[in-house]
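Single chain ahead, written as structure tokens, the form predicted on its own.
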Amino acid sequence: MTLLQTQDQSGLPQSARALRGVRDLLLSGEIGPGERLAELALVERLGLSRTPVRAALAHLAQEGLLEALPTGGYSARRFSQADVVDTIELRGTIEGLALRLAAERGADPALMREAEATLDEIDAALDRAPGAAGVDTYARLNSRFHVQLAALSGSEAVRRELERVMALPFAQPSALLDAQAKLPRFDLTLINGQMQHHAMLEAVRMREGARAEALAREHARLASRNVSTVVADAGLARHVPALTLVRADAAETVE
């Protein structure tokens, strides 16, 4: 068994622990934008050996959370508001392709039933606790639903590409949802998003490829508008430590 395959008592391999540990340090705000990540300090802090930590740093540089330094090593990347919006738009574009393929080729009935069951759970959660009170449950189910959307395409290439995009910073379907919960009428945002979820599945069921694709892209744009509002509001941004990595530039405009 190699070092990267060595598992701790929790059952996670050291490689997974290192990746999760370094990512958590970045997204918790403990490592600020532009700050150099010292490999030996991370090894000591995470209680891991150098090989999995080094691999985690390289992986996070590929994801876009870190930047390789000319002198060697990595620093935490600083993002613009446009970077955040672009990653969400990219996710919406690929999800649109996935749904168009699902509609045109015909989605697996079993996968459709799974996605519909998830929407039923979201409906029930919103009925019980609309808005901020139900944000944790909504975030979990929403993330599951978007994974199911990728599977509906029946294309392993599309599913893999969407998985890669969702690993990009702030591209996850429920990214920054805690901060969005502070926005006025957040409950309406969730309800509108859920209505779009139902419309996307309906378009796939009706074999309306162009409509399904357009709905997926519009759904992502709803998310990007909400995230742009959060990023631009210093008061809201304080609720999400990861936003310390995002540059709030008053001169920058996001369409």
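In case it trips you up, residue 1 is the first one in the sequence shown, and so on. Fair warning: this is a prediction, and the values are worked out from it, not measured in the lab.
Beyond the structure shown, there is the form predicted in complex with the DNA, which is absent from this document and is the topic of what follows.
Contact assignment for the DNA in the predicted complex, among 218, 35, 202, 39, heavy atom within 4.5 Å: Looking at 218, 35, 202, 39 one by one, just 39 meets the 4.5 Å heavy-atom criterion.
is_contact(residue 15, the DNA) in the predicted complex, heavy atom dist at most 4.5 Å: Residue-level check for residue 15: yes, a contact with the DNA.
Exercise: residue 73 in contact with the DNA in the predicted complex, heavy atom 4.5 Å: Contact check for residue 73: yes, within 4.5 Å of the DNA in the predicted complex.
In the predicted complex, residue 51 touching the DNA (heavy atom, 4.5 Å): Judged by the heavy-atom cut-off of 4.5 Å, residue 51 is in contact with the DNA in the predicted complex.
Among 24-32, 223-231, 52-60, 189-197, the region lying within 4.5 Å of the DNA in the predicted complex by heavy atom distance: The contacting stretch here is 52-60.
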